[in-house]
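Take a look at this single chain, the form predicted on its own, given in C-alpha coordinates.
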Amino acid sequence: MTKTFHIRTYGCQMNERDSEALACMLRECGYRQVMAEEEADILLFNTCSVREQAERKVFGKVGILKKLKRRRPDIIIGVIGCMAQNYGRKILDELPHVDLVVGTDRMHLLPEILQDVCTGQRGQVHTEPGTEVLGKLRGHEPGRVSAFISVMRGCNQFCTYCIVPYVRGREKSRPLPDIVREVEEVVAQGAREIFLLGQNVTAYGLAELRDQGEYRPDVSPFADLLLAVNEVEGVERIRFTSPHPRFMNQAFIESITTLPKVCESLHVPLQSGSDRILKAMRRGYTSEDFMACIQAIRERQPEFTFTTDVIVGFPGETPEDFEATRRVMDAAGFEMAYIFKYSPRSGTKAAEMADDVPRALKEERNQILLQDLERRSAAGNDVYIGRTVEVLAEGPSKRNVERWAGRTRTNKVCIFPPAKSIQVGDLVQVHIERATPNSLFGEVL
(Lines give C-alpha, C1' and ligand atoms only; values in the text may rest on other atoms or scores of the structure.)
Protein backbone atom coordinates (compact mmCIF):
# COMPACT_ATOMS: atom_id res chain seq x y z
CA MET A 1 0.00 0.00 0.00
CA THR A 2 1.35 3.43 -0.99
CA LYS A 3 2.29 5.53 2.02
CA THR A 4 1.10 9.13 2.16
CA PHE A 5 3.07 12.11 3.43
CA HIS A 6 2.46 15.68 4.49
CA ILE A 7 5.14 18.39 4.89
CA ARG A 8 4.58 21.41 7.09
CA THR A 9 7.06 24.25 6.54
CA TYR A 10 8.21 26.92 8.96
CA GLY A 11 10.50 29.86 8.24
CA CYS A 12 12.14 31.30 5.15
CA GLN A 13 11.84 30.85 1.40
CA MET A 14 14.84 28.53 1.50
CA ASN A 15 12.77 26.19 3.67
CA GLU A 16 9.83 26.49 1.26
CA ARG A 17 12.18 25.60 -1.56
CA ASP A 18 13.58 22.60 0.34
CA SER A 19 10.06 21.36 1.12
CA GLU A 20 9.03 21.62 -2.53
CA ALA A 21 12.11 19.69 -3.63
CA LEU A 22 11.59 17.03 -0.94
CA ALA A 23 7.98 16.57 -1.99
CA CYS A 24 9.08 16.01 -5.59
CA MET A 25 11.72 13.49 -4.47
CA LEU A 26 9.29 11.55 -2.30
CA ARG A 27 6.65 11.39 -5.04
CA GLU A 28 9.28 10.06 -7.45
CA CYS A 29 10.04 7.35 -4.86
CA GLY A 30 6.41 6.23 -4.83
CA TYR A 31 5.00 8.15 -1.87
CA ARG A 32 1.76 10.10 -2.27
CA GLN A 33 1.47 13.67 -1.02
CA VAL A 34 -1.67 14.73 0.86
CA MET A 35 -2.69 18.23 1.89
CA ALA A 36 -4.36 17.22 5.19
CA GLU A 37 -2.28 16.07 8.15
CA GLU A 38 -4.91 13.59 9.28
CA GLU A 39 -4.64 11.70 5.97
CA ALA A 40 -0.85 11.23 6.19
CA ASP A 41 1.13 8.14 7.15
CA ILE A 42 4.25 10.33 7.38
CA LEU A 43 4.29 13.80 8.97
CA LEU A 44 7.38 15.91 8.27
CA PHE A 45 8.10 19.28 9.88
CA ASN A 46 10.64 21.40 8.01
CA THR A 47 11.77 23.75 10.74
CA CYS A 48 13.38 27.14 11.38
CA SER A 49 15.76 28.18 14.16
CA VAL A 50 16.24 31.85 13.28
CA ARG A 51 13.65 33.06 15.82
CA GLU A 52 12.70 31.64 19.19
CA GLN A 53 9.02 31.95 18.33
CA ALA A 54 9.43 29.66 15.31
CA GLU A 55 11.03 26.99 17.50
CA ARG A 56 8.30 27.26 20.13
CA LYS A 57 5.68 26.69 17.44
CA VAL A 58 7.38 23.49 16.33
CA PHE A 59 7.89 22.12 19.84
CA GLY A 60 4.26 22.92 20.61
CA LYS A 61 2.88 21.42 17.41
CA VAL A 62 4.99 18.24 17.48
CA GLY A 63 4.45 17.90 21.24
CA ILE A 64 0.68 17.56 20.93
CA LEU A 65 1.15 14.77 18.39
CA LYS A 66 2.01 12.43 21.25
CA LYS A 67 -1.69 11.62 21.57
CA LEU A 68 -1.91 10.90 17.84
CA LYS A 69 1.09 8.59 18.13
CA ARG A 70 -0.62 6.60 20.89
CA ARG A 71 -3.71 6.30 18.72
CA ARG A 72 -1.77 5.51 15.53
CA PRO A 73 1.57 3.93 16.54
CA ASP A 74 2.48 3.28 12.90
CA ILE A 75 2.47 6.96 11.94
CA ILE A 76 5.95 8.36 11.23
CA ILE A 77 6.81 11.78 12.60
CA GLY A 78 9.95 13.56 11.44
CA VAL A 79 11.64 16.84 12.34
CA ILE A 80 13.93 18.10 9.57
CA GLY A 81 15.83 21.28 8.69
CA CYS A 82 17.40 23.95 10.88
CA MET A 83 15.99 22.88 14.26
CA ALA A 84 17.06 19.33 13.56
CA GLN A 85 20.58 20.56 12.78
CA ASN A 86 20.61 22.79 15.86
CA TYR A 87 19.27 20.35 18.46
CA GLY A 88 19.94 16.90 17.01
CA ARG A 89 19.28 14.12 19.52
CA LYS A 90 17.93 16.60 22.07
CA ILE A 91 14.71 16.61 20.03
CA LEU A 92 14.27 12.88 20.68
CA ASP A 93 15.00 13.45 24.37
CA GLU A 94 12.23 16.02 24.60
CA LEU A 95 9.88 14.48 22.04
CA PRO A 96 10.44 10.69 22.21
CA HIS A 97 7.52 10.01 19.86
CA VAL A 98 9.52 11.56 16.98
CA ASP A 99 10.89 8.90 14.62
CA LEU A 100 13.55 10.77 12.68
CA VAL A 101 15.64 13.95 12.93
CA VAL A 102 17.35 15.07 9.72
CA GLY A 103 19.59 18.15 9.52
CA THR A 104 20.07 20.63 6.70
CA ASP A 105 22.99 18.80 5.04
CA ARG A 106 21.29 15.41 5.00
CA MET A 107 17.81 16.18 3.69
CA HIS A 108 18.62 14.88 0.22
CA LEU A 109 18.92 11.43 1.87
CA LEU A 110 15.38 11.56 3.25
CA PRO A 111 13.91 8.91 0.87
CA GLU A 112 16.54 6.38 2.01
CA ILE A 113 16.14 7.33 5.66
CA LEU A 114 12.37 6.96 5.43
CA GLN A 115 12.78 3.54 3.89
CA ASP A 116 14.75 2.43 6.95
CA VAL A 117 12.23 4.00 9.33
CA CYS A 118 9.35 2.26 7.55
CA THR A 119 11.04 -1.09 8.20
CA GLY A 120 11.20 -0.38 11.93
CA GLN A 121 14.49 1.47 12.37
CA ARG A 122 13.05 4.44 14.24
CA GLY A 123 14.68 7.11 16.38
CA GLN A 124 17.23 8.01 13.71
CA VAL A 125 19.33 11.21 13.86
CA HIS A 126 21.20 12.48 10.80
CA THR A 127 22.97 15.81 11.35
CA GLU A 128 26.43 15.16 9.89
CA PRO A 129 27.82 18.18 8.00
CA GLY A 130 28.50 17.89 4.28
CA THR A 131 28.22 19.55 0.88
CA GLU A 132 26.48 16.76 -1.01
CA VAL A 133 23.06 18.43 -0.62
CA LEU A 134 24.07 21.20 -3.04
CA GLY A 135 22.37 20.54 -6.35
CA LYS A 136 20.85 17.26 -5.18
CA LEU A 137 17.88 18.80 -3.41
CA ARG A 138 16.01 19.94 -6.48
CA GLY A 139 12.56 19.65 -7.96
CA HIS A 140 9.78 21.95 -9.12
CA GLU A 141 6.00 21.65 -9.01
CA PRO A 142 4.97 21.60 -12.70
CA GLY A 143 2.80 24.54 -13.67
CA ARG A 144 3.91 26.92 -10.94
CA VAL A 145 4.58 30.40 -12.26
CA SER A 146 7.51 31.08 -9.90
CA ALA A 147 10.35 28.67 -9.25
CA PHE A 148 12.72 28.85 -6.30
CA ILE A 149 16.30 27.96 -7.24
CA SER A 150 18.84 27.45 -4.45
CA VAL A 151 22.18 28.82 -5.67
CA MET A 152 24.15 28.61 -2.42
CA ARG A 153 23.80 27.57 1.19
CA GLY A 154 25.22 28.86 4.44
CA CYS A 155 26.74 32.13 5.57
CA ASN A 156 30.22 33.29 6.59
CA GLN A 157 29.21 36.59 8.19
CA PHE A 158 28.55 35.41 11.78
CA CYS A 159 26.39 38.37 12.80
CA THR A 160 26.23 38.30 16.59
CA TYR A 161 22.48 37.59 16.76
CA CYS A 162 22.25 35.01 13.98
CA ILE A 163 22.25 31.23 14.20
CA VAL A 164 22.25 30.60 10.42
CA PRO A 165 26.02 29.87 10.10
CA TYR A 166 25.64 27.21 12.80
CA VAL A 167 22.62 25.44 11.28
CA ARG A 168 23.28 26.02 7.56
CA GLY A 169 27.06 25.95 7.71
CA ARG A 170 29.63 27.97 5.80
CA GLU A 171 28.97 29.44 2.37
CA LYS A 172 28.92 26.85 -0.40
CA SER A 173 27.95 27.82 -3.95
CA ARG A 174 26.71 25.66 -6.79
CA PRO A 175 28.53 25.76 -10.15
CA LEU A 176 26.94 28.30 -12.50
CA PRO A 177 26.27 25.78 -15.34
CA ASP A 178 24.44 23.49 -12.90
CA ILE A 179 22.15 26.36 -11.84
CA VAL A 180 21.46 27.33 -15.45
CA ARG A 181 20.50 23.74 -16.26
CA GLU A 182 18.00 23.73 -13.40
CA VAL A 183 16.58 27.06 -14.59
CA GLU A 184 16.09 25.55 -18.05
CA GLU A 185 14.36 22.52 -16.50
CA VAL A 186 11.85 24.55 -14.49
CA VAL A 187 11.11 26.84 -17.45
CA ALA A 188 10.29 23.71 -19.47
CA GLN A 189 7.81 22.83 -16.68
CA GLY A 190 6.01 26.17 -16.97
CA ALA A 191 7.93 28.57 -14.71
CA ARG A 192 8.11 32.16 -15.95
CA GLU A 193 9.70 33.79 -12.91
CA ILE A 194 12.98 32.60 -11.38
CA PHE A 195 13.65 33.29 -7.69
CA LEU A 196 17.32 32.76 -6.78
CA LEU A 197 17.87 31.87 -3.14
CA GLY A 198 20.78 32.02 -0.73
CA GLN A 199 21.28 33.03 2.89
CA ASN A 200 23.86 35.55 1.63
CA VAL A 201 23.12 35.49 -2.07
CA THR A 202 25.34 38.41 -3.13
CA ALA A 203 28.32 36.44 -1.79
CA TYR A 204 27.62 33.71 -4.36
CA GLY A 205 30.92 32.23 -5.56
CA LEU A 206 33.13 34.43 -3.39
CA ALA A 207 34.19 31.73 -0.92
CA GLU A 208 35.39 29.60 -3.82
CA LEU A 209 37.36 32.55 -5.26
CA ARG A 210 38.99 33.10 -1.86
CA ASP A 211 39.96 29.43 -1.70
CA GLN A 212 41.60 29.81 -5.12
CA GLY A 213 43.33 33.06 -4.14
CA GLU A 214 41.42 34.95 -6.87
CA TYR A 215 39.10 37.14 -4.79
CA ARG A 216 38.86 40.88 -5.52
CA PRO A 217 36.33 43.24 -3.91
CA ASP A 218 35.26 44.60 -7.31
CA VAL A 219 34.16 41.24 -8.74
CA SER A 220 30.66 39.79 -8.39
CA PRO A 221 30.11 36.15 -9.43
CA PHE A 222 26.46 36.73 -8.56
CA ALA A 223 26.28 39.43 -11.25
CA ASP A 224 27.68 36.83 -13.69
CA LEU A 225 24.97 34.40 -12.57
CA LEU A 226 22.23 37.01 -13.12
CA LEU A 227 23.53 37.57 -16.65
CA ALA A 228 23.49 33.82 -17.38
CA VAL A 229 19.92 33.39 -16.10
CA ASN A 230 18.83 36.51 -17.97
CA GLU A 231 19.89 34.81 -21.20
CA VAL A 232 17.79 31.66 -20.66
CA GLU A 233 14.95 31.62 -23.17
CA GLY A 234 11.52 31.50 -21.53
CA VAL A 235 12.54 33.33 -18.35
CA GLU A 236 10.42 36.48 -18.05
CA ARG A 237 11.41 37.73 -14.61
CA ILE A 238 14.28 37.27 -12.14
CA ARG A 239 14.11 37.93 -8.40
CA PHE A 240 16.47 36.94 -5.58
CA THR A 241 16.98 37.09 -1.83
CA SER A 242 18.72 37.92 0.43
CA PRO A 243 21.62 40.21 -0.49
CA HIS A 244 24.10 41.55 2.04
CA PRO A 245 25.01 45.26 1.64
CA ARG A 246 28.73 44.44 2.01
CA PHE A 247 28.68 42.67 -1.37
CA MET A 248 26.45 45.08 -3.30
CA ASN A 249 29.39 46.45 -5.29
CA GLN A 250 29.47 48.33 -8.59
CA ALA A 251 29.34 45.16 -10.69
CA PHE A 252 26.27 43.94 -8.81
CA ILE A 253 24.47 47.30 -9.01
CA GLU A 254 25.23 47.58 -12.72
CA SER A 255 23.77 44.13 -13.39
CA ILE A 256 20.49 44.58 -11.50
CA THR A 257 19.84 47.98 -13.06
CA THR A 258 20.62 47.02 -16.68
CA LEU A 259 19.55 43.38 -17.15
CA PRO A 260 15.99 43.54 -18.55
CA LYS A 261 14.62 40.47 -16.75
CA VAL A 262 15.79 41.47 -13.25
CA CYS A 263 12.77 42.97 -11.46
CA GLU A 264 12.85 46.45 -9.94
CA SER A 265 12.31 45.16 -6.42
CA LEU A 266 14.91 44.22 -3.85
CA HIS A 267 14.83 42.89 -0.31
CA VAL A 268 17.88 44.27 1.54
CA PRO A 269 18.18 43.50 5.27
CA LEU A 270 18.98 46.65 7.28
CA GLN A 271 18.57 45.21 10.82
CA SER A 272 19.24 48.61 12.44
CA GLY A 273 19.77 52.22 11.43
CA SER A 274 22.08 52.89 14.38
CA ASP A 275 25.79 52.60 13.60
CA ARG A 276 26.46 51.67 17.21
CA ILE A 277 23.97 48.78 17.07
CA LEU A 278 25.15 47.71 13.60
CA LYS A 279 28.67 47.41 15.02
CA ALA A 280 27.38 45.39 17.98
CA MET A 281 25.53 43.17 15.50
CA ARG A 282 28.76 42.82 13.49
CA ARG A 283 26.98 43.67 10.25
CA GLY A 284 30.07 45.14 8.59
CA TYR A 285 28.55 48.38 7.28
CA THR A 286 27.27 51.73 8.54
CA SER A 287 23.90 53.34 7.89
CA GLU A 288 25.69 55.65 5.43
CA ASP A 289 27.10 52.63 3.56
CA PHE A 290 23.62 51.12 3.42
CA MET A 291 21.98 54.28 2.08
CA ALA A 292 24.75 54.68 -0.51
CA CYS A 293 23.73 51.30 -2.00
CA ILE A 294 20.04 52.30 -2.07
CA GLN A 295 20.80 55.65 -3.67
CA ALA A 296 23.17 54.18 -6.26
CA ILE A 297 20.40 51.84 -7.43
CA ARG A 298 17.70 54.52 -7.43
CA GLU A 299 19.90 56.89 -9.44
CA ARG A 300 19.96 54.29 -12.21
CA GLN A 301 16.43 52.94 -11.71
CA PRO A 302 14.10 55.41 -9.92
CA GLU A 303 11.25 52.87 -9.97
CA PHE A 304 13.07 50.41 -7.71
CA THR A 305 11.20 49.45 -4.54
CA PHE A 306 12.92 48.13 -1.44
CA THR A 307 11.87 45.91 1.45
CA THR A 308 13.92 44.95 4.48
CA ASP A 309 14.45 43.09 7.77
CA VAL A 310 14.73 44.99 11.06
CA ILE A 311 15.37 43.90 14.64
CA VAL A 312 13.96 46.01 17.47
CA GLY A 313 15.16 45.72 21.05
CA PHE A 314 18.67 44.44 20.33
CA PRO A 315 20.77 44.47 23.53
CA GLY A 316 21.65 48.04 24.45
CA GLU A 317 19.23 49.66 21.98
CA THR A 318 18.43 53.16 23.27
CA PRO A 319 15.60 55.50 22.20
CA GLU A 320 18.19 57.32 20.06
CA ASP A 321 19.22 54.07 18.36
CA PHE A 322 15.59 53.28 17.61
CA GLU A 323 14.95 56.75 16.17
CA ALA A 324 18.01 56.29 13.94
CA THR A 325 16.39 53.12 12.58
CA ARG A 326 13.16 55.04 11.86
CA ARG A 327 15.09 57.73 10.01
CA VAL A 328 16.97 55.29 7.80
CA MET A 329 13.82 53.29 7.03
CA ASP A 330 12.08 56.51 6.03
CA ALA A 331 15.02 57.67 3.92
CA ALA A 332 15.15 54.30 2.13
CA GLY A 333 11.38 54.44 1.59
CA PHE A 334 10.73 50.88 2.77
CA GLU A 335 7.09 50.00 2.13
CA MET A 336 7.32 46.50 3.60
CA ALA A 337 9.55 45.01 6.28
CA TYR A 338 9.84 41.91 8.41
CA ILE A 339 10.19 43.39 11.88
CA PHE A 340 11.44 41.08 14.60
CA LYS A 341 11.49 41.63 18.33
CA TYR A 342 14.96 40.53 19.45
CA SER A 343 15.20 37.18 21.20
CA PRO A 344 18.51 35.55 22.22
CA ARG A 345 19.60 32.50 20.23
CA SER A 346 21.70 30.09 22.25
CA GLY A 347 25.21 29.73 20.86
CA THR A 348 25.40 33.21 19.32
CA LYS A 349 27.58 36.06 20.63
CA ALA A 350 24.55 38.26 21.30
CA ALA A 351 23.18 35.62 23.68
CA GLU A 352 26.07 36.51 25.98
CA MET A 353 24.86 40.13 26.11
CA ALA A 354 22.23 41.36 28.55
CA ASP A 355 18.78 41.25 26.96
CA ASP A 356 18.06 44.61 28.58
CA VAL A 357 15.23 46.06 26.46
CA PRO A 358 11.91 45.21 28.18
CA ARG A 359 9.46 43.11 26.20
CA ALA A 360 6.80 45.84 26.38
CA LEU A 361 9.23 48.37 24.89
CA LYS A 362 10.14 45.95 22.08
CA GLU A 363 6.44 45.58 21.29
CA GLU A 364 5.93 49.36 21.36
CA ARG A 365 8.81 49.95 18.95
CA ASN A 366 7.55 47.15 16.73
CA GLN A 367 4.13 48.80 16.49
CA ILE A 368 5.64 52.21 15.71
CA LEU A 369 7.60 50.77 12.78
CA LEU A 370 4.50 48.95 11.52
CA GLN A 371 2.55 52.22 11.55
CA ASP A 372 5.36 53.93 9.66
CA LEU A 373 5.31 51.12 7.09
CA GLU A 374 1.55 51.39 6.55
CA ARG A 375 1.86 55.13 5.94
CA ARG A 376 4.68 54.70 3.42
CA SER A 377 2.99 51.73 1.75
CA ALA A 378 -0.28 53.63 1.30
CA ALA A 379 1.56 56.57 -0.24
CA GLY A 380 3.69 54.29 -2.42
CA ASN A 381 0.67 52.41 -3.77
CA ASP A 382 -1.35 55.58 -4.40
CA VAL A 383 1.30 56.58 -6.95
CA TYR A 384 0.10 53.74 -9.18
CA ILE A 385 -3.50 54.96 -9.46
CA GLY A 386 -4.17 55.90 -13.07
CA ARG A 387 -1.12 54.05 -14.37
CA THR A 388 -0.92 50.89 -16.47
CA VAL A 389 1.45 48.21 -15.17
CA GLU A 390 2.69 44.81 -16.31
CA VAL A 391 1.38 42.01 -14.06
CA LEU A 392 2.39 38.34 -14.01
CA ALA A 393 -0.90 36.46 -13.61
CA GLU A 394 -0.69 33.91 -10.78
CA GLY A 395 -4.30 32.69 -10.73
CA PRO A 396 -7.33 33.16 -8.45
CA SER A 397 -6.82 35.40 -5.43
CA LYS A 398 -6.58 33.55 -2.11
CA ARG A 399 -9.01 35.99 -0.50
CA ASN A 400 -11.54 36.18 -3.34
CA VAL A 401 -11.59 33.38 -5.90
CA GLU A 402 -13.79 35.53 -8.17
CA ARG A 403 -10.77 37.78 -8.74
CA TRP A 404 -7.31 37.00 -10.02
CA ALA A 405 -4.02 38.07 -8.46
CA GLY A 406 -0.55 38.76 -9.74
CA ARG A 407 2.47 40.92 -9.09
CA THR A 408 4.03 43.89 -10.79
CA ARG A 409 7.75 44.01 -11.54
CA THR A 410 8.09 46.14 -8.38
CA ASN A 411 6.47 43.27 -6.43
CA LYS A 412 3.15 44.99 -5.79
CA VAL A 413 0.18 42.63 -5.38
CA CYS A 414 -2.40 43.42 -8.04
CA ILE A 415 -6.03 42.22 -8.05
CA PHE A 416 -8.07 42.19 -11.26
CA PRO A 417 -11.16 40.49 -12.79
CA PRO A 418 -10.46 37.22 -14.61
CA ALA A 419 -10.82 36.95 -18.37
CA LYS A 420 -11.17 33.83 -20.50
CA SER A 421 -8.19 34.82 -22.58
CA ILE A 422 -5.84 35.02 -19.56
CA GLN A 423 -3.87 31.99 -18.48
CA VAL A 424 -1.70 31.46 -15.39
CA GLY A 425 1.76 32.75 -16.24
CA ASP A 426 0.59 35.37 -18.74
CA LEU A 427 1.99 38.89 -18.60
CA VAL A 428 -0.98 41.24 -18.72
CA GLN A 429 -1.38 45.01 -18.77
CA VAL A 430 -3.57 46.23 -15.90
CA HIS A 431 -4.86 49.77 -15.52
CA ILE A 432 -4.84 50.63 -11.79
CA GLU A 433 -8.05 52.24 -10.55
CA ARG A 434 -7.62 52.16 -6.78
CA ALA A 435 -5.12 51.13 -4.12
CA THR A 436 -4.86 50.11 -0.48
CA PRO A 437 -1.67 49.86 1.61
CA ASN A 438 -1.47 46.17 0.67
CA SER A 439 -2.76 45.87 -2.90
CA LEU A 440 -3.46 47.50 -6.25
CA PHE A 441 -6.82 47.01 -7.98
CA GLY A 442 -7.46 47.45 -11.68
CA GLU A 443 -8.84 46.26 -15.00
CA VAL A 444 -7.04 44.26 -17.65
CA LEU A 445 -6.55 46.19 -20.88
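In case it trips you up, residue 1 is the first one in the sequence shown, and so on. As the structure is a prediction and not an experimental result, all values here were calculated from the model.
Below: the form predicted together with a small molecule, not depicted.
I need the one stretch from 303-311, 229-237, 286-294, 210-218 whose residues put non-hydrogen atoms within 4.5 angstroms of the small molecule in the predicted bound form. Heavy-atom contact with the partner occurs in 303-311.
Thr257, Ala337 and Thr410 each touching the small molecule in the predicted bound form (heavy atom, 4.5 Å): Judged in the predicted bound form, none of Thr257, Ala337 and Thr410 sits within 4.5 Å of the small molecule.
According to a 4.5 angstroms non-hydrogen atom cut-off, is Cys162 in contact with the small molecule in the predicted bound form? Yes - in the predicted bound form, heavy atoms of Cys162 and the small molecule come within 4.5 Å of each other.
With a 4.5 Å heavy atom cut-off, would you call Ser343 a contact of the small molecule in the predicted bound form? Contact with the small molecule, yes.
Taking the small molecule as it sits in the predicted bound form, is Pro269 near enough to touch it, meaning that at least one heavy atom pair lies within 4.5 angstroms? The answer is yes: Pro269 has a heavy atom within 4.5 Å of the small molecule.
Given that the small molecule is not shown alongside this chain, does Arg51 nevertheless sit within 4.5 Å of it in the predicted bound form, heavy atom to heavy atom? Yes, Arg51 is a contact residue.
By the heavy atom within 4.5 Å rule, which residue out of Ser173, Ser274, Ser242, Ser150 makes contact with the small molecule in the predicted bound form? By the 4.5 Å heavy-atom cutoff, the listed residue in contact is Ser242.
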